[in-house]
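Considered here are two forms of the same protein chain, supplied as structure tokens in two stand-alone entries, structure 1 and structure 2.
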Structure 1
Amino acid sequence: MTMKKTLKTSAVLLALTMGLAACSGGQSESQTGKDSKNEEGKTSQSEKVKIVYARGQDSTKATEKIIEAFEKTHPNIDVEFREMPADTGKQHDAYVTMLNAQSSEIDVMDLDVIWPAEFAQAGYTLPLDRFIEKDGIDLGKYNQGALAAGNFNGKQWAMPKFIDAGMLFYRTDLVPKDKVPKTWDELLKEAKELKGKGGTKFGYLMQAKQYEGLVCNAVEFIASYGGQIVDKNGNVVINSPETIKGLKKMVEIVKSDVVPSNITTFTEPESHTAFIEGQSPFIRNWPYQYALANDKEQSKIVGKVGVAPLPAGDKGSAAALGGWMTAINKYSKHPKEAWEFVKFMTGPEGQKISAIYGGLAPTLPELFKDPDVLKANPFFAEEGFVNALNAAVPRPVVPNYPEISEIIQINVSKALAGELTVEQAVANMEKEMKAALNK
């Protein structure tokens, strides 16, 4: 009922905005057409179109380099970078506020892999199919899992930009290769031994604040002990001995003295900053950590970083699947120029820059063989990395994911704070998720 109403409202909004877009778009197109005819294809300053590209805080140089390269090859398009909050949940809410108000202030935006279906259903993004077809983009060249995250109701709403999978990064000067921990217990033991050595203050860093990254860390603990949250058929299966075991290990680590005492305030930036400042031998983070740790301008541990799969529980190692896609705001006044930027950034040239300067794992598998990409990220060639990417565990794929995520965030946080036992937290999650999914 509610869903139908939302869809109906968005259909009306869609019709309205398409009308508006047609009016404003029509005008600028005819102007451009007139100019370009008498100027033999040369672009003049007056034809310049400015588009605004929004994404979360980028601690690497990748965004700057992509925009630079794009503007060089597209002299008629200026790209302004709008930095959004690093916390993906806050970023989500900022977009939702903007797009609910039908704002055209941003043209292109990066979407976390968990959002495209929600955004498509709410009518926030433009379907990209006609652009893809017109430019003959071969979707077969993309990682199909990553591509699928941007597909909803048979349409492609976002292009895959990079894949994320949780990994263990360690200090090669403190941890010999044969000592890289293979299980959570080994990690705890070694983190205890190394804490305080070689200028470190902590033994392990992760993300334990109440936000989306906590869900990713929890998924990894749960899956490494064989637990699941929602099964393939959409059934809530979280209340299992395996999930309980996984979350107990997470609580044990968070409550131990190997992590900073305020670890429940840590998101990616807090943890990566402590790591590149040399404060910990180990960190759980996404692949961008490698490029950042090797950035001479920011890092004190250049050349001293190794990458390994996350430690295993009873059932092996598990990485949460993350990543980002790029979409066009449906209310953009410059969809054509916006597409040019999307095409460039998510195409081979843009993804190569992201991989080299941002350490981001491409969604175009051919780039894993590119010598420049491999020089910047030697671990991309390792079997362990490729296997971790391929086996990464998705978060529950349900249309009201934000609600499910909140249930996990709240209950796991309470378990970490000792306000609930893991058993109680899991029972709450089961009950609340069943209610949310059966609405």
Structure 2
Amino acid sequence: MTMKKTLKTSAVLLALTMGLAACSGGQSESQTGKDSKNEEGKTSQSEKVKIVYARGQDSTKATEKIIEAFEKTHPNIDVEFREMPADTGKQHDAYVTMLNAQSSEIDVMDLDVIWPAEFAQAGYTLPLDRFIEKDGIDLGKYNQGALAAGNFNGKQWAMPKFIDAGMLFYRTDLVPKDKVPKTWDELLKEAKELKGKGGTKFGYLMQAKQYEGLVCNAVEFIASYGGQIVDKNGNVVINSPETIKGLKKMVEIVKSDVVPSNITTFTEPESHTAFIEGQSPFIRNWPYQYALANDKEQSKIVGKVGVAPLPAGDKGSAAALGGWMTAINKYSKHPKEAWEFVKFMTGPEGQKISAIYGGLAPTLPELFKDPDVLKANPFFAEEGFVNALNAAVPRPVVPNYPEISEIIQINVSKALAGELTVEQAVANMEKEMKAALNK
């Protein structure tokens, strides 16, 4: 799964990020009534409660440090860490198996940004709105793209833990800072001019193979021109002039001579390898690209890489959102204590620990100014890095995201191959998505 790959590889980044796009119906009052009772339940000061926190493998000390810090300030709550499969697909399936059985064996769990809507629709997670209101959590302080990934049918089902986003990396020895392209048209122009210079073979690299990474690239083109795929109410709104214009720009770039002739076979490894071998002045990729490009053992462009937001369309710059969220198991026997841990881990103190010990990019922008965070992650001080994160938009927030993703992949691939016009591809996606969401 490409997000997983991105997140894991990003752990390399400045000792940085593991994580990485997000993906109608809701629960009735009768479904949540039982949980309301649990939420109001109180634990006496002397009673010690154990909660179980589940997430994928953490090769850093971040999880250990967060639990340690939390337990010091919450002496009546013990947190047990349950390691889930490292592969995100297997992790997803393990959660689904457990929660389908209404198991209460875990209380808190990390979710890929494309899972919250699915888990909310299935009744696996607890809505967090009452907790948020009661504790006066200011959601305005969070990166809004990351926050939106956990919102479904008007409710907040997960809190953003860390963020990943698509960015433009460029060769500083070939591209002066004042010449970094601000729009897709400028990118095409500069890529054509620079192709062949400084040992390059191409002008631009991206991911255009039929897989999840293609969806991320497509979302960025669509959103930068003001288009949407599914709106916040779950309506399919892909068939618009803005979406068509964005995808036409994507087709134009893919069919141009600035990208490799076999660009439709490129995923992250093919594109990042070509970039660190010095074959292109520009690449669209995830944050891990920075550390990889500065790895003396494999890169030919060490110390020659800059980062900026992706080029803008008519609406502005847009970056596919990646990253991870934290949610509470609906069947938890300790929802109040589970919330205390979620609040701590996704709040300023927990995210600071994640950034320092795990190299994870915070979803609280204020932490990018924290001296301790910057000392551990100098890359966070890059203006282009922060601006790129602020341009993050989620992938379609729908309960059956894998099915919607496949519809996008197939039709966009056909448009890139010239088998369909963009208009035909968009009409197909509209029809197929509506059918999929109305099952």
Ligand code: GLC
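Residue numbering: sequential along structure 1, first residue numbered 1. If you're wondering where the values come from, they're calculated on a predicted model, not measured in any experiment.
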| item | value |
| --- | --- |
| Panel number for the form predicted together with ligand GLC | 1 |
| Pivot point of the rigid parts between structures 1 and 2 (hinge, one of A308, A415, I353, I163) | I163 |
| Estimated from C-alpha overlays, the smaller rigid part's rotation between structures 1 and 2 in whole degrees | 46 |
